[in-house]
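Heads up, the chain below is alone and in the form predicted on its own; it's given as structure tokens.
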């Protein structure tokens, strides 16, 4: 039995449903954080919560008042939940931890972690980016530099963990609190040495040609995950609404998987994030595995991340036994006829799952085409360029992690069999040295195949 499960407290309807009741459901989400979309913008725009809200028993005459509030990061969502202005919040791992701990620090208020939205087992999603023309290539280069981050976000937690691992103390670099949009603008203008941010901001900067990754969250060795928290007092009063919310999260994931191209096209219209960037998260082989289940490994990761915060600053204790509950997500799966235990036991590792995935070109007119190798991809790009065709994006996979990358931002090493692609230059340098090869950027790799 899962050791964090907490029993439901279903409220008898006799004292509630004598007359029609207006039930306020206020949700805080982040339209600029891809890993929250299946509990946020997709549920909102497709009206999936409305589809599953209960309408019988004590809810027979209920009138639902649903409101969605969009935030730039998870911290403000917690503040609004504490003020009882939001019932549900969708956020990343470190903000989730702060949410649970802050509520447990009060005399009576509590939240429950009721479902996941998605994860990357490698930890990818957060990243540290430098201006594209910067001469910085690794986290060690950040000593004595200024680094901005949305403080309180998942990227903030990643940055703290990365600096701890690199043994770079807090006095050895300048930490600045900047929102994602401000940080990205400062990277574009080269007004900051580096900016750490959550999904999909690093890929946005790469796609727009303003920034370059020097550190990926996968290097922390800790899974990156997002999830849903809800106020306990709301769940105790309306437990069926909590189950309905998880059902909506599940269907949102199924809707994306059914047709990723349709999904990213619509999500671009809803959020303003370019579909080519969204594709790197939501396509087959993308960074994000959509999965509402609460895995034991995820709870272990949250407990570990809480320790990272404790090492850096004062944060209240977090009792995950009290905070985490599978009750709502298990019941949602059961009522949907889905196998919860099977999905809970499945963890997708990109290094394994993406090993045989094809490379891709997104043609502005003809859409996506696939290629079995990087050599074939680069040859096709040269041929397209010769005709003046416009290519929206190209995609390859990092040899070390299996993560999907933009072709134009990867580092390449030519081998006797073809090419290998790398996210980080130090990894490419190391591999090139091992085979007496040379590290090439995208344009240089293309030139090697021009006739």
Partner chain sequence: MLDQLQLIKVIAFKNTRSLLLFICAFICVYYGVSLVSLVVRFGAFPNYINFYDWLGNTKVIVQSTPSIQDMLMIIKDEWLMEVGYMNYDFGHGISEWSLFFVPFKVITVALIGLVLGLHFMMNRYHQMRSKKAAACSGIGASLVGLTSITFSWVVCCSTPTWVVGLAMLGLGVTTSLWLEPIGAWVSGVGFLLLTLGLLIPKQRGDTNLNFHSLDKKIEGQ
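Only a predicted model underlies this, so the values are computations on that prediction, with no experimental measurement involved. Rigid core (definition): largest C-alpha set, two forms, superposition within 1.5 Å. Positions refer to the first chain, counted from 1.
One more form of this protein exists, namely the form predicted together with its partner chain; it is left out here, but the text below deals with it.
Q: Taking 138, 142 and 323 as a possible spot, do all three reach its partner chain in the predicted complex with a heavy atom inside 4.5 Å?
A: Answer is no for this spot.
Q: Which residue, 220, 289, 293, 271, has a heavy atom that falls within 4.5 Å of its partner chain in the predicted complex?
A: Exactly one listed residue reaches within 4.5 Å, namely 271.
Q: Work out which of 134, 72, 379, 354 lies within 4.5 Å of its partner chain in the predicted complex, going by heavy atoms.
A: None of the other options qualify; the answer is 72.
Q: Using a 4.5 angstroms cut-off on non-hydrogen atoms, would residue 177 count as touching its partner chain in the predicted complex?
A: Yes, residue 177 lies within 4.5 Å of its partner chain in the predicted complex.
Q: Does its partner chain come within 4.5 Å of any heavy atom of residue 261 in the predicted complex?
A: Contact with its partner chain, no.
Q: Under a 4.5 Å heavy atom criterion, is residue 201 part of the interface with its partner chain in the predicted complex?
A: Residue-level check for residue 201: yes, a contact with its partner chain.
Q: Taking its partner chain as it sits in the predicted complex, is residue 346 in contact with it (heavy atom to heavy atom, 4.5 Å or less)?
A: Contact check for residue 346: no, nothing within 4.5 Å of its partner chain in the predicted complex.
Q: Using a 4.5 Å heavy atom cut-off, indicate which stretch of 357-365, 252-260, 323-331, 144-152 touches its partner chain in the predicted complex.
A: Comparing against its partner chain in the predicted complex, the contact stretch is 144-152.
Q: Pull the contact list for 99-113: residues with a heavy atom within 4.5 Å of its partner chain in the predicted complex, in sequence order.
A: The stretch touches the partner through 106, 107, 108, 109.
Q: Rigid core aligned, does the Cα position of residue 175 differ by 2 Å or more between the shown form and the other one?
A: After core superposition, the C-alpha of residue 175 moves 2 Å or more between the shown form and the other one.
Q: Superposing on the rigid core, I want to see if residue 192 changes position between the shown form and the other one - specifically a Cα shift of 2 Å or more.
A: True for residue 192: a C-alpha shift of 2 Å or more.
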